[in-house]
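Next comes just one chain, in structure tokens: the form predicted on its own.
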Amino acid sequence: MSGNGNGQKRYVPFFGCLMTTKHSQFEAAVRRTMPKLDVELVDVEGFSCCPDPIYYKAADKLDWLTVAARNISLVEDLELDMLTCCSGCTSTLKEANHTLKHDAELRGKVNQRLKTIGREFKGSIEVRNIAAIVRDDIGYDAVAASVTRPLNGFKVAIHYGCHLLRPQAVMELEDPGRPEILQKMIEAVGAEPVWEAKHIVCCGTACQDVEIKSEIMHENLTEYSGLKADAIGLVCPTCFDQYDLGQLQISRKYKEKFAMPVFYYFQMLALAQGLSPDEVGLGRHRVSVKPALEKLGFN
């Protein structure tokens, strides 16, 4: 992080693949809410995929680290911290940054590869998820102060997923067994967070066995439905896919009706800051958000 002379906090955003192609409404929500929190997003060109923290990493860890290090090196040129908006991207880039800072031999191997394209990983910046920046740099009070249309009476079932919290020594966010950050972020926009044990488990997307993936989703959705929430709130676009499209698939498979709207947190923040549903692409979701919007007074 750095200031720009007028009090604004400055970061380089990394939106990753899903948010720049499939779910551009999430990127729009971040770009439209951050200025209201005195945050300047400083874009750089040349990013690639993070790359993927599961399959790519399993295939060749040195390749995985090299691609991640190249992305980080682009941000190091500006001497600003990297702001990540996807839990998967956070997992890859934060782990790569941590690993290469602490392993000189591995850093040397990666930099030998990067040298062929004129890049170098220096280990001079931090990779930080946007939720951590909200908590530690912006502050929940500042988020609440930016709200002009509080989401009063709106119950949000929280889902953390896998990558935001684990491994704790690398992610450095919270105790993975007792997280509070999303609860407090939800409260800052005037909504009511609700949760059960499934809020810290996998959404199922990484499972290769289709039946296991379906069972995880069915169990999670059954538990969330029992909370009588108005929506599911999360900060991971991959988890969003699982809960948005996944509800339709699970409804057909188990012959049960699941239709709980799913929100990327910054879409809710945008609504609370006075933006319209169209400005953050809520009409693009597969599970209709109409019931949630009606409860919030949007006609």
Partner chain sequence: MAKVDFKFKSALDEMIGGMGHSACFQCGACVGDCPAAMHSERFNPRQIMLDAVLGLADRLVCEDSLVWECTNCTCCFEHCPQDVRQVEVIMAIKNMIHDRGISPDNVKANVTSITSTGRVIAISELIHKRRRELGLPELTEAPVDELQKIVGGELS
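Positions refer to the first chain, counted from 1. The structure presented is a predicted model; accordingly, all values stated were derived computationally and were not measured.
Not pictured, yet referred to below: the form predicted together with the partner chain.
J.: Does the 4.5 Å heavy atom contact test between Arg252 and the partner chain in the model of the complex come out positive?
T.: Heavy-atom contact with the partner chain at 4.5 Å: absent for Arg252.
J.: Can Leu18 be called a contact residue for the partner chain in the model of the complex at 4.5 Å between heavy atoms?
T.: Judged by the heavy-atom cut-off of 4.5 Å, Leu18 is in contact with the partner chain in the model of the complex.
J.: Lys36: heavy atom within 4.5 Å of the partner chain in the model of the complex?
T.: Lys36: no, not in contact with the partner chain in the model of the complex.
J.: Please run the contact check for His163 against the partner chain in the model of the complex: heavy atoms, 4.5 angstroms, yes or no?
T.: Looking in the model of the complex, residue contacts with the partner chain include His163, since a heavy atom lies within 4.5 Å.
J.: Would the partner chain be touched by all three of Ser24, Lys61 and Ile117 in the model of the complex, meaning a heavy atom each within 4.5 Å?
T.: Judged in the model of the complex, Ser24, Lys61 and Ile117 all sit within 4.5 Å of the partner chain.
J.: Only one of 225-233, 141-149, 178-186, 212-220 has heavy atoms within 4.5 Å of the partner chain in the model of the complex; I'd like to know which.
T.: Result of the contact check: 212-220.
J.: Counting only heavy atoms, which residues in 42-63 are within 4.5 Å of the partner chain in the model of the complex?
T.: If the 4.5 Å heavy-atom criterion is applied to the partner chain in the model of the complex, 42-63 yields Glu45, Gly46, Phe47, Ser48, Cys49, Pro51, Asp52, Pro53, Ile54, Tyr55, Tyr56, Lys57, Ala58, Ala59, Asp60, Lys61, Asp63.
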